[in-house]
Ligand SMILES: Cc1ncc(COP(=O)(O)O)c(C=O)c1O
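Starting off, we have a lone chain in the form predicted on its own, written out as structure tokens.
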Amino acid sequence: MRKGKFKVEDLKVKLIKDTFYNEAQTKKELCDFIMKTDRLSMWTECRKFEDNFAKHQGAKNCSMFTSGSTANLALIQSLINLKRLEKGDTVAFSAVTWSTNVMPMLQLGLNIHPVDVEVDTLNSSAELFEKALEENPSIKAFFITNVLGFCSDIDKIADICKSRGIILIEDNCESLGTIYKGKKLGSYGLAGTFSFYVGHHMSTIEGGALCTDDAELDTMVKMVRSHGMDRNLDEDKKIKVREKFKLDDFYSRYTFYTLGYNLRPNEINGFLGNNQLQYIDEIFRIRNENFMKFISAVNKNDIVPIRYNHIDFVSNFAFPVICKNKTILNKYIKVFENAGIEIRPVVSGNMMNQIFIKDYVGSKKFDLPGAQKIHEDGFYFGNNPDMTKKEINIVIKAFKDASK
């Protein structure tokens, strides 16, 4: 809390309440698994989770990672390895996002161009993307972030990308379970990345995934994840790679085909993913019900209402509050903190304000009024599936008290 007024034990509504859904039972089952298994490095539980999560997401292929951030890194590296992107190409990204969407692009020699967001959806729209394309017609890819369970007209963005030969990839780490026009977010682009960090929709403590229907990209992603080796490929794909480079089984075991990293999860992550997937629909439902209760408590004279009626189903894990002005923001922050509600800025706010990024874009200015408004006048609090009626009422009372 600001000014050191509050201690963690004073919090009545925490940003992250529990490590897992159905935590006591999950911990017991995890302990049993650890005691019985003879292998904890990446193996059958991880592969089982990849199959299960691909099925859940409606994707042909899934790769599990140590985090959503490393899934992002592997995705960008894979597109470069496949020469679908080259160093010096420009990639657009949502101006309200997380640092590890932008950092891999900069680390791997790509140029970046932010796309502004709508204040009432927190997300980039087709209109704003068109504006970015007018500013920079050389954009080769768009790494869009589906922020906090919302989207704008991502279907139209996908159409623009298809018509212009632009690669669309999705960071869906904050929007697992949201459905727009009958289709799950994370399924609109060439690939989608997901996070299973504690406090996100589903927890494997640390963990992430990448889903794609593109077989060539899936093969490359799996090699990038494991040092650039073929170790985690299916046998038929291993054979094809080894035949291509005329390698026998012995030397292929320590052959590095492409640039890669060690981004592999472990069997604990895989087990937890399979365990938590059994609750995922219930988790989505409760978060959605909480969201509707919070949205009904918003005073529209103080707060910019979130526009969500165009979305079939909102899966929200943190509720954003974008105030009409700074005076209202300060009042709401004070009331929420005094009520013991843990709050944070809305993701990164305007990413172009972040300190690290100035070393790469210099003094170049971008017109991002939506992202700047969210940066200056917004905060969020956690929307957890284990929230009690008492905790929900504390939040609703804070809205009422702040609006007086």
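Keep in mind the model is a prediction, meaning the values are calculated, not measured. Note that residue numbering begins at 1 and tracks the sequence as displayed.
Just so you know, the form predicted in complex with the ligand exists too; it's not on screen, but the next bit is about it.
Engineer: Would you mind picking out the stretch of 25-33, 352-360, 367-375, 64-72 that comes within 4.5 angstroms of the ligand in the predicted bound form, counting non-hydrogen atoms?
Structural biologist: Among the candidates, contact is made by 64-72.
Engineer: So which of Ser195, Asn269, Thr212, Asn316 reaches within 4.5 angstroms of the ligand in the predicted bound form, heavy atom to heavy atom?
Structural biologist: After the contact test, the surviving option is Ser195.
Engineer: Scan His200, His113, Arg287, Lys184 and let me know which has any heavy atom within 4.5 Å of the ligand in the predicted bound form.
Structural biologist: Exactly one listed residue reaches within 4.5 Å, namely His200.
Engineer: Applying a 4.5 Å heavy atom distance criterion, does Thr100 contact the ligand in the predicted bound form?
Structural biologist: Thr100 belongs to the contact set for the ligand.
Engineer: Whether Glu174 contacts the ligand in the predicted bound form should be assessed with a 4.5 Å heavy atom distance threshold; does it?
Structural biologist: Glu174: yes, in contact with the ligand in the predicted bound form.
Engineer: Hey, in the predicted bound form, does Gly207 get a heavy atom within 4.5 angstroms of the ligand?
Structural biologist: Result yes; Gly207 sits at the interface with the ligand in the predicted bound form.
Engineer: Find out whether any non-hydrogen atom of Ser78 is located within 4.5 angstroms of the ligand in the predicted bound form, and reply yes or no.
Structural biologist: Output for Ser78 is no: heavy atoms all beyond 4.5 Å of the ligand.
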